[in-house]
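Same chain, two forms, each on its own as structure tokens: structure 1, then structure 2.
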Structure 1
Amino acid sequence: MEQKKDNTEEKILNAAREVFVHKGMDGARMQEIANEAGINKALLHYYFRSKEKLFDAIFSKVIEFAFPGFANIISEETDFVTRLGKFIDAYFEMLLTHPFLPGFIIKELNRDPSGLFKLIAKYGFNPDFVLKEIEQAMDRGEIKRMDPRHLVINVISMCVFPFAVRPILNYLIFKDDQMAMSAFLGERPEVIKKFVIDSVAIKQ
């Protein structure tokens, strides 16, 4: 019985994710989510009473999985360049596992960013800690002096961009060749690491 419950909840979350990605929070309807999940609306409401609770459940699951891993990498007692490479690998892996995230987040930021901000705050993500770690790496002479905010934004944007504009890249550059697109994304983390680390690391 427990296994069946878990399977139904997983089906609902997957269906909701698909509907939210295509329709956004405002355009999504509970009946449409129920149809996508192959269940009736009453059962959907038994698990999740509102779209908002579904939204929270989807993003909580992703954030709960990703953020502790990021925090552990940043807090490791290794040199900053090593941690930077590990962070890029972990961040890109999260995007490969959840490629819907960038587009959905952009939609929701334009609609109402407060819900996303609350979820991020709930899991204790602290950008000040990250910026401080970058400052300390500069003080130790591991990386070049810079505004740490630029490094954070450069890394995130280089990882996120191919997913945020994937349909455009797929059409214009890869001509709907899904295998070529997948191969490109597979190469991307190493390309980003080399580009970023070569540009910021101070050779000892």
Structure 2
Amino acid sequence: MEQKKDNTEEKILNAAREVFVHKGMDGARMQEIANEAGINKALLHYYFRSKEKLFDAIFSKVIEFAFPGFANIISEETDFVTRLGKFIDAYFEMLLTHPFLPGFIIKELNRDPSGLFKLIAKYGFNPDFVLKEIEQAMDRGEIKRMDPRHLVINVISMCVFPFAVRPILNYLIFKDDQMAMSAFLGERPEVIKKFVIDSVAIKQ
């Protein structure tokens, strides 16, 4: 029974994640989640009392996954450029295996940001130490001086944005050639690293 329950709950969570990530809270239907999980609607409400509770369960898992411990890379004891490169690589690995997360998070963020705020508060995530690390690298003369907030946002933007507008890129640039787009996205980590480093490097 325990076994059965865990199994069903897992099936529901997987199905719900699939549907919610692609359709969003507003667009998702409990019927579709039930179908995807191979059960009926009533059982959904038995495990999770309401659509909102089910959504919250999924959303927190997704956020936990997408706002990850990459931050610890920033704290490593190497030069800043090395840490930046490792961060971009790690972030891209996540994005390439979960390309729909950016669109989903942006959608829900603009619908109702309160859920995300609660999670940020709960996990105590704070970007200040990242900004501190960047400033220290500037103090040490490893990179050019600039507002570290802009630097962080520039890097995250170049990593995440292409995934958020994937369908446009697919249509407008790659004419529905999935292989071409995958190859393009796969080479972006190196491109971004070079682009950023060329910009912030101290010229000799």
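Rigid core (definition): largest C-alpha set, two forms, superposition within 1.5 Å. A quick note: this is a predicted structure, and the numbers were derived from the prediction, not measured. Residue indices: 1-based, along structure 1.
Selected structure - criterion: the form predicted alone: Structure 1 is the matching one, since it is the form predicted alone.
Rigid core fit then residue 164 CA moved by 2 Å or more between structures 1 and 2: Stays below the 2 Å threshold, so no.
Residue 192 C-alpha shift between structures 1 and 2 of 2 Å or more, rigid core reference: Residue 192: C-alpha displaced by less than 2 Å between structures 1 and 2.
Exceeds or equals 2 Å, Cα of residue 136 between structures 1 and 2, core fit: No, shifts by less than 2 Å.
Between structures 1 and 2, C-alpha offset at residue 57 (rigid core aligned, Å): So the C-alpha of residue 57 has moved 4.5 Å between structures 1 and 2.
Cα displacement of residue 29 between structures 1 and 2, once the rigid core is superposed (Å): Once the two forms are fitted on their core, the shift reads 2.9 Å.
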